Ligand code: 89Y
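Only one chain is given next, in structure tokens, and it is the form predicted on its own.
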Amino acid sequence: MKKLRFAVIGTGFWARYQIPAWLELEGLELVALYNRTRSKAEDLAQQYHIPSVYDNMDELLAKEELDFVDIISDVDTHWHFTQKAAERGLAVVCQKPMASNLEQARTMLEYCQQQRVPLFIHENFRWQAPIRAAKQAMDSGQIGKVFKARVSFCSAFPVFDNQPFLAELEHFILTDIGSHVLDICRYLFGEARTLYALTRRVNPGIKGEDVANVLMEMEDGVHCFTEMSYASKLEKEAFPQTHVLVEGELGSIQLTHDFQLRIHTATGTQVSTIRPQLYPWLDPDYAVVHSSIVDCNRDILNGLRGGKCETTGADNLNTVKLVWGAYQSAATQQVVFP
């Protein structure tokens, strides 16, 4: 099978993990890196033996023979780089959030469709091993018909130390963690019919909101409450774990601290621990997230080869609608219909 040749666009924090995650897979050849600060790209290229480095995107696209690009740059550049790659007929993989706003996300998807190139969004949280196990338990029918759920990401982890640019975002937690958590809700429970959101800023040193609570009624009637916070100083720090409680007519499923999955029914409680696969390159503080990048990349690779992929641009646009619907609801104090 022919190896797919690709370039990585952007060599910041997440590229340091997304690159080795791609290299865990067969059938790929990473041939070039782009970064506006060339020295950052050169350091990664040396570490992973990548032959070419560029600080000019047009030069990279003109010189390299590629099948796709993986855009891991700041969100404000996603549309620009997507357009440049798509107009040359290259498939596009793009880091979440897809774009700076809903209209730009729609434009990205429509342009790729016009150019007849696939667009994939690197949305890895739904690929975390504990989340997949919770979904499998739901689908088994053990707890019967689901009627209520809570999905929680609450932490005081100093995320701004590794990613200081987050403190400068006018829209923070809903675009950052909200993109992940709301996508998990869609993965577990389907699409939302209605949405109501509240937001606030607790940390005076940042521009955007660091707390958001979103209540959704899903299309099948499930009431899903989603809470997210980077201001929660709790007894037990959970970062970067997402906690889930699913209530059904016959029992409940709880995904809690330290990857513990608890399935309770009339016959008792089954308890198991769903740990992520550990790779030598991942950061232990982010283990469950970094491990899921490999599985997300594997799914995207299947899509690049013409198979099914969960996180296409068309699918992820529905997550983007929830994010910006939440901002609309918080601003107007009204229920919205995403």
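We number the residues from 1 along the sequence you see. Model, not experiment: these values are computed from the prediction.
Only in words, not in the display: the form predicted in complex with this ligand, which the text now covers.
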Quick one: is M218 in contact with this ligand in the model of the complex, heavy atoms, 4.5 Å cut-off? no
Touches this ligand in the model of the complex: I143 (any heavy atom, 4.5 Å): no
Touches this ligand in the model of the complex: I177 (any heavy atom, 4.5 Å): yes
Contact of F125 with this ligand in the model of the complex (heavy atom, 4.5 Å): yes
Ok, Q136, T267, Q163, Q113: which has a heavy atom sitting within 4.5 Å of this ligand in the model of the complex? Q163
In this chain shown alone, the residue from V159, L198, C154, A129 with a heavy atom within 4.5 Å of this ligand in the model of the complex is V159
Just to confirm the contact call: exactly one of 169 to 177, 190 to 198, 86 to 94, 249 to 257 touches this ligand in the model of the complex at a 4.5 Å heavy atom cutoff, so which is it? 169 to 177
Do all of W14, Y230 and Y286 end up near this ligand in the model of the complex, with near meaning a heavy atom within 4.5 Å? yes
